[in-house]
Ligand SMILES: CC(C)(COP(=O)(O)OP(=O)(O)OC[C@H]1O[C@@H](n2cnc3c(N)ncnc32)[C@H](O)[C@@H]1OP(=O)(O)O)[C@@H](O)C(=O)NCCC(=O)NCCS
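Only one chain is included here, represented as structure tokens and corresponding to the form predicted on its own.
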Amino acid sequence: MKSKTINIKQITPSEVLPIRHKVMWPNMPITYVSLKNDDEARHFGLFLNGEITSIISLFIENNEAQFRKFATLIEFQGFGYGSILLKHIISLVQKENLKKLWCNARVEKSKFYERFNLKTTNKKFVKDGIDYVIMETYF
């Protein structure tokens, strides 16, 4: 069996858009997955044998970090690549001595985030027919 090389690196907003679009909102125009403050965020990609498979965007403000638009290409889901990328982000946030990490999680994905010590809050909302809950952890 061929060995897999996994590499995580910071990438540009234009590199995250195609994966956001394909995984999260394929039936919408690509501009739908662009965030107005993408240029202020740090974007990361997990590369498997040189191919980008997972992405996440990190927005830092007031000693807190919010991760957004966390996605793994469908054909690479279920192999732990998203978990590796999220662990990398958690380590980065801790290393930078930020006090809080949070996200707007799709309710159906909240069990996944609980494995990373993120706790559900009582803040919930619906966007485009999808139920979300704010999840957070403190360091």
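Note that this is a predicted model, so its numbers are computed, not measured. All residue numbers are counted from 1 along the displayed sequence.
Another form, the form predicted in complex with the named molecule, is not on view; read the next lines as being about it.
Within 4.5 Å of the named molecule in the predicted bound form, a heavy atom is found for none of 44, 90 and 98. Although the partner is absent from this view, residue 78 contacts the named molecule in the predicted bound form, with a non-hydrogen atom inside 4.5 angstroms.
With a 4.5 Å cutoff on heavy atoms, residue 112 counts as touching the named molecule in the predicted bound form. Put simply, residue 105 is close to the named molecule in the predicted bound form: some heavy atom of it is within 4.5 Å. In the predicted bound form, the named molecule stays beyond 4.5 Å of every heavy atom belonging to residue 65. Proximity to the named molecule in the predicted bound form, taken as heavy atoms within 4.5 Å, picks out 70 to 78 from the listed stretches 70 to 78, 35 to 43, 90 to 98, 57 to 65. Contact residues in stretch 21 to 56 (any heavy atom within 4.5 Å of the named molecule, taken in the predicted bound form) are 23, 24, 54.
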